[in-house]
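Given next, in structure tokens, is a single chain: the form predicted alone.
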Amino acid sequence: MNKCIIVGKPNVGKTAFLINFVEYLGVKKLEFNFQLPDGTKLKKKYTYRTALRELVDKTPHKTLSLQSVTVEMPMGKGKKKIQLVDTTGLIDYIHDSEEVRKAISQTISEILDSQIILHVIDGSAVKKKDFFSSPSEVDYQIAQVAHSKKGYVILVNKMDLPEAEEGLKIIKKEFSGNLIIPISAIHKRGFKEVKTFVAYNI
């Protein structure tokens, strides 16, 4: 089965994107598979509202495992299964928490093992001078590692916010040579283009 991993810094909107994108693809019931860094595997079913309430949070590193949903992508007259994988946010420094460090290590391994990489960057945070600023060193590192893969795209999220327009211009300049799609995870903007990209690369 093809694997599509969603990566980026904490709080850029990875989990919200996954949940809303799966809904956009027409999945009626959300069945999440969780793979913890210690190898433990769990399954849980959610409604869309419950998933957003329980899995999305403004607290950095709410996601501490790989959490995936399997969907069927329309391909011509047929369909192909693909696993969409949400991951722990990557950071520019070594985290104090061992739990977070293990989850980050799990994310890095998953990047190397995935055919399609959706790299989410917060377009509204380009001018911030704090933990949430985008892009930062880890974004450049993700791009450097993933650029060699055919299925790599940068999703500039939070385009519903006014400051994201300027952020998009800067990100396009900083990551020239890469495919960039502006999106709004909460308003499902840009999802048609993301769907086309994913379908083309599986």
Ligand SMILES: Nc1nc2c(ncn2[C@@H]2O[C@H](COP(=O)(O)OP(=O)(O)OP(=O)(O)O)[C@@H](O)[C@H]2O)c(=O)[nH]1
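A residue's number is simply how far along the shown sequence it sits, counting from 1. Computed from a prediction, not measured in an experiment: that's the story for all the values here.
Although it is not shown, the form predicted in complex with the named molecule is what the next lines describe.
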query	finding
Interface stretch in the predicted complex with the named molecule - options 136-144, 171-179, 153-161, 24-32, non-hydrogen atom within 4.5 Å	153-161
Triplet A16, P60 and A185 all within 4.5 Å of the named molecule in the predicted complex via a heavy atom	yes
Non-hydrogen atom contact P10 with the named molecule in the predicted complex at 4.5 angstroms	yes
Partner proximity in the predicted complex: V56 to the named molecule, non-hydrogen atom cutoff 4.5 Å	yes
